[in-house]
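Given as structure tokens, the chain that follows is alone and in the form predicted alone.
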Amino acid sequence: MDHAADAYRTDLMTITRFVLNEQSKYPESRGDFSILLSHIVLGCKFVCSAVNKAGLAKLIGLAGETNVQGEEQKKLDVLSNEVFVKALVSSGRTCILVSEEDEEATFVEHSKRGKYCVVFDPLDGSSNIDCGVSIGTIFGIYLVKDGAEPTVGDVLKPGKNMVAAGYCMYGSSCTLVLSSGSGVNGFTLDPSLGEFILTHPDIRIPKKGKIYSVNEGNAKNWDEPTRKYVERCKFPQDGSSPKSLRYIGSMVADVHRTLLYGGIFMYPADKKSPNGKLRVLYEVFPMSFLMEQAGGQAFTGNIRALDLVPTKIHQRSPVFLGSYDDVEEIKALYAAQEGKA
């Protein structure tokens, strides 16, 4: 292959071109979603750049503040939050923003208001920054009724009402995974072009996987179905090979691996966190949306994750998500326990 010629290829599918192609399928579209997405992409590029030079720029370390979750904020968390709030407001296409870092929802002023609500975790897994583990941004997008004055109720909707969701992972490469309700596609940032290029078209999660992902340090606090399921992963009764354990502790990295290779990612409720640990709006919902769009499932231990109706913007929930057959197995264990009750 002529690599010199390859450097000037014009047939590369950039994320901008991809979104415009998708938009052309809907003649009534005014391009608002494309504009909103381009601002999210810009925010991801900015954060990617900041993450890459965090050590040099002294952005690593604590900012000296505590966020609404009671977690100490990293300097990079604060910066990422500011970047996304400004990018989303300046798009002129948003009316409500919900960020993990802000206690209250942000209502966009009238002159810059649009019809979308965006829920996001600006920098998920930030406790891993110092050791070079992949971290990321997670986002979900809702549409508000035309002409209505926006309220917090507009984002306290089930995840199945989302019109799009995605995450951007900052690791060995910068990868943006996106779904607007018709499949899942992955784009990788080409630093020489400054563009996200389509590298993972139509991602489909394997129906069954060989990996389970859970924080085993919490095992003594687990409920019976989770304990039984992990036991089966390690000591299968059907003569199959045991599943491999992979747990990074950065949700974006763990879910990304699960999406590509199959298996199951679990953050169950336990005695220590009876309501689970992950936030519904900007962690559980976007990742569950992507999993279902890729042919997998997401379950809370009670119901389909996307059917959950949140009552608070920072509400938490347990979640089991991944390959269809693997999630079916944990659902059966919960159903059996309910049958005994």
Ligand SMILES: O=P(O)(O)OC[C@H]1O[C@](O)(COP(=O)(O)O)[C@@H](O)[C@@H]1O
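Everything quoted here is computed from the prediction, not taken from an experiment. Numbers follow the displayed sequence, beginning with 1.
What comes next is about the form predicted together with the named molecule, which is not displayed.
- Checking A294, L278, C48, A54 against the named molecule in the predicted bound form, a heavy atom within 4.5 Å turns up for just one residue: L278.
- Note on the partner interface in the predicted bound form: the residue among S91, T175, S250, S179 having a heavy atom within 4.5 angstroms of the named molecule is S250.
- Of the candidate stretches 201-209, 121-129, 228-236, 147-155, only 121-129 has residues whose heavy atoms lie within 4.5 Å of the named molecule in the predicted bound form.
- The named molecule is not shown here, and in the predicted bound form it never comes within 4.5 Å of any heavy atom of T188.
- Within 4.5 Å of some heavy atom of the named molecule in the predicted bound form lies at least one heavy atom of N215.
- Of the heavy atoms in Y267, some are within 4.5 Å of the named molecule in the predicted bound form.
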